[in-house]
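The form predicted alone is given below as one chain in structure tokens.
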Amino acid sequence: MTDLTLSGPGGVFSADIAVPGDKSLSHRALMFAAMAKGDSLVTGLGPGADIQRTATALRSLGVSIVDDRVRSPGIRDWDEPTSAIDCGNSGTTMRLLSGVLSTSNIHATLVGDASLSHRPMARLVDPLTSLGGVITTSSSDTPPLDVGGATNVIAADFTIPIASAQVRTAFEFAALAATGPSTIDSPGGFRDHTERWLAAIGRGVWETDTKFRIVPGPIPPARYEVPGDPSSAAFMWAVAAIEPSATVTTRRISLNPGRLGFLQILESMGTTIEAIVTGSTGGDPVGDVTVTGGRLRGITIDGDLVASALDELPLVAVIGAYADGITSVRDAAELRGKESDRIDSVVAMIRSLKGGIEPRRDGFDVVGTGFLDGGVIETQHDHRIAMAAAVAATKATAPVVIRDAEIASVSWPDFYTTMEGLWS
């Protein structure tokens, strides 16, 4: 493990940068292309280790992935894996692949690293088995997962209690093999990338704002152009947000409505936001976002806004520390089941930097003092904690040491270099 020491403050800047391909869409593009029979082209894939895990998993099933080209025999003719499929630290790889495989004739065991091996997977079981899919977890409802070998895949109508895009997608992928149309419903606030892509190829339709009907059948080969990742761009936006008059522009970012919660939070806290739609890909709007820092004020974040900004909530804690007043996050108990318990990890991070924060069962309260000090951050092998700490360091009054700093490569291998380049 590598420690990294960062020294601030960075000061005012104006930058125009590119961010990696969207992580959520990269996983989905590879899955769609692999399920299709024939050649597909996937451009703009994110460079992170999690995306590589999905690619490696699909190769073990007989899918060829070379540069931008994905060549597959089609899911019906995938190879039986000769050993357990290692999903590393990628919960998305494990959950989405579980859906695909659960209603296939392939038997597979999905495993992960120490962090993933403790993450909850029970929420997949009822949706997938309602379709006749086969999936079992460990006795503690965690990986390893044994999936596949279904013999009778049936249509089903299922409602999940949380706004989870991963669970919805797993069900939708599994339902493509059913005997008739199926539906999935949930509370709002989820990322609807999969639904948009299925609708674009005639494999689904919205019945309500949250209920989606899946039309079974094959996925055709296609070209997928992955835009920039708003969850990665969020770290650059946050650096600008905490520095009055600093400006950063990020180009060709996914502007899916379910991904804009963090921008809404920044605007409510006093940051100036300009988002311009310049095109679309797979039914998702794409565009340029410019963020300009201003005087920040504390707000309360809860409800659907939490679901659309869940991955960015560690950043909200950092921004809240540099704001005036109290920033409160509620309805975010889902954070406790991420790569780390992100509520505990965020609290430890802010306290290590001498900030004021109190944990709650489903969130936290940050006292905005306007500054953070130096300190040592234990990332808990969580890339978003490492990256949030780096943002905090850009305005901290003393050096910040980030333990296990290289974990950022899970989503963005060049993150630290790109952040330092804001001032060049």
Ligand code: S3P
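Keep in mind the model is a prediction, meaning the values are calculated, not measured. Each residue number is its position in the shown sequence, starting from 1.
Keep in mind the form predicted in complex with this ligand is missing from the figure; the text below concerns it.
Proximity to this ligand in the predicted complex, taken as heavy atoms within 4.5 Å, picks out 303-311 from the listed stretches 197-205, 210-218, 303-311, 69-77. None of E225, D341, E334, D113 but one reaches within 4.5 angstroms of this ligand in the predicted complex through a heavy atom, and that residue is E334. Comment: this ligand is not present in this chain, but in the predicted complex one of T281, S164, T327, N89 has a heavy atom within 4.5 Å of it, namely S164. Residue contact check for S24: one or more of its heavy atoms lie within 4.5 Å of this ligand in the predicted complex. The closest heavy atom approach of R53 to this ligand in the predicted complex falls outside 4.5 Å. When contacts are judged by a 4.5 Å heavy atom cut-off, R123 counts as touching this ligand in the predicted complex.
Along 346-360, not one residue places a heavy atom within 4.5 Å of this ligand in the predicted complex.
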